[in-house]
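Just the one chain here, the form predicted alone, laid out as structure tokens.
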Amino acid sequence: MKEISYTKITGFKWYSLSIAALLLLVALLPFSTGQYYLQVFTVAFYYVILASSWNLLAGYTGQFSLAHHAFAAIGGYTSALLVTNFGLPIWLGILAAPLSSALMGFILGMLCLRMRAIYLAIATWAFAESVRITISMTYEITRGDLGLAVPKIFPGIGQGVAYYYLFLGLAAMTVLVIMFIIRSRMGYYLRAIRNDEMVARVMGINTTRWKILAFMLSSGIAGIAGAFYGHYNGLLTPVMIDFNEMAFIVIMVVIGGIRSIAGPVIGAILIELLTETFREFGEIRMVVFALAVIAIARLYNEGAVGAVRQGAQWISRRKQAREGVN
């Protein structure tokens, strides 16, 4: 039987304890903070869903889309319009949201199938701008820039804790689903496409099918997030499709660590907290975040997750060295 080293057992134990402690901290947070930061963390969990689903498309599949925020808006407006105009229950409206977003993702994926790099980014950005302008101009339906009033999931005041746990559960489910996808055969195919699409095609992988499926999955998850966010916020406006929203998603993934499961989670929570902390500085925050992204992309593209991983490895090597000397 292969002997398992003490270091590996200890490392696994500390990793498990760290995850358990983090989950306990997140679960007990509503009982130790005020309503303001409860809302901040609720919005941060919303961005965890968007960042994680965008990472599935851009990080693991290599499809750099700039329309992810538009799919969230499509899901949000789909649910809101079905509920307000047709009298559907909120939960049926939310169930329809990912279908509409996934359908638009399928159409956009088909149109952009042969595009790569800057061409794909420009095409998806143009799509997002088209969605924003359409929502702004169709005042009779969407109320344009005035905003569309949306019924809330938990009506009344003082439901911050309920929304906190709702979005925490949605974020956790999103991360688990993406983790399952990445560790499945589909994840293997997506990484092969990202590394070299031509080689993947030679290996017998249907690159067209898997790229479109990744587009649809990513868009559908964004649609779910947008629908829940609309029914949480109570108001939808075209600001939801402003390019700054997409920039925030990219910044969160890059700073947290692209092509990792934990990276978008860490990045989304960190950037949302920093955004609220330095809100008084206005747009200067975006300049600082942009400079941070440039520095990470140029000097250390593994982000915060890579830094933590390397730090843990360094501590482990130092410990092994001391044990060897003793």
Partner chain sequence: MVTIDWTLLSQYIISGVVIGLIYSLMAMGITFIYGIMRIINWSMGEFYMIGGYLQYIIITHFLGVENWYLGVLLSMVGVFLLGMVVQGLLIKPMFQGSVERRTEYATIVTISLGVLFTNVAVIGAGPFIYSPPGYYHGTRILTLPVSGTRFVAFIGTIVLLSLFYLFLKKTWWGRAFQGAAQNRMGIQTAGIDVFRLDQIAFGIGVALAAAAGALLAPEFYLHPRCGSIATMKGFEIIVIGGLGSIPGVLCAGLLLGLIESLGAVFLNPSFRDVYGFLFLLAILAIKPTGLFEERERVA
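None of the values given here were measured: they were computed from a predicted structure. Positions refer to the first chain, counted from 1.
In what follows, reference is made to the form predicted in complex with its partner chain, a form of this protein that is not presented.
Enquirer: Looking in the predicted complex, is its partner chain within 4.5 angstroms of a heavy atom from every one of Cys112, Ala121 and Val254?
Expert: Yes: Cys112, Ala121 and Val254 each sit within 4.5 Å of its partner chain in the predicted complex.
Enquirer: Can you tell me if Leu66 lies within 4.5 angstroms of its partner chain in the predicted complex, counting non-hydrogen atoms only?
Expert: The answer is yes: Leu66 has a heavy atom within 4.5 Å of its partner chain.
Enquirer: Going by a heavy atom distance of 4.5 Å, is Glu280 a contact of its partner chain in the predicted complex?
Expert: So Glu280 does not count as contacting its partner chain.
Enquirer: Quick one: is Lys211 in contact with its partner chain in the predicted complex, heavy atoms, 4.5 Å cut-off?
Expert: Taking the distances in the predicted complex, the answer for Lys211 is no, it never comes within 4.5 Å of its partner chain.
Enquirer: Would you classify Asn195 as touching its partner chain in the predicted complex, given a 4.5 Å non-hydrogen atom cut-off?
Expert: Because a heavy atom of Asn195 falls inside 4.5 Å of its partner chain in the predicted complex, the answer is yes.
Enquirer: Given that its partner chain is left out here, which of Leu273, Val26, Ala290, Leu38 has a heavy atom within 4.5 Å of it in the predicted complex?
Expert: Comparing distances to its partner chain in the predicted complex, the residue within 4.5 Å is Ala290.
Enquirer: Which residue, Tyr165, Phe243, Phe106, Tyr188, has a heavy atom that falls within 4.5 Å of its partner chain in the predicted complex?
Expert: Going through each option in turn, the one that passes is Phe243.
Enquirer: Would you point out which of 126 to 134, 226 to 234, 75 to 83, 212 to 220 contains residues with a non-hydrogen atom within 4.5 Å of its partner chain in the predicted complex?
Expert: Of the options, only 126 to 134 has residues within 4.5 Å of the partner.
Enquirer: Does anything in 268 to 286 come within 4.5 Å of its partner chain in the predicted complex by heavy atoms, and if so which residues, in order?
Expert: In sequence order, Glu283, Ile284, Met286 come within 4.5 Å of the partner.
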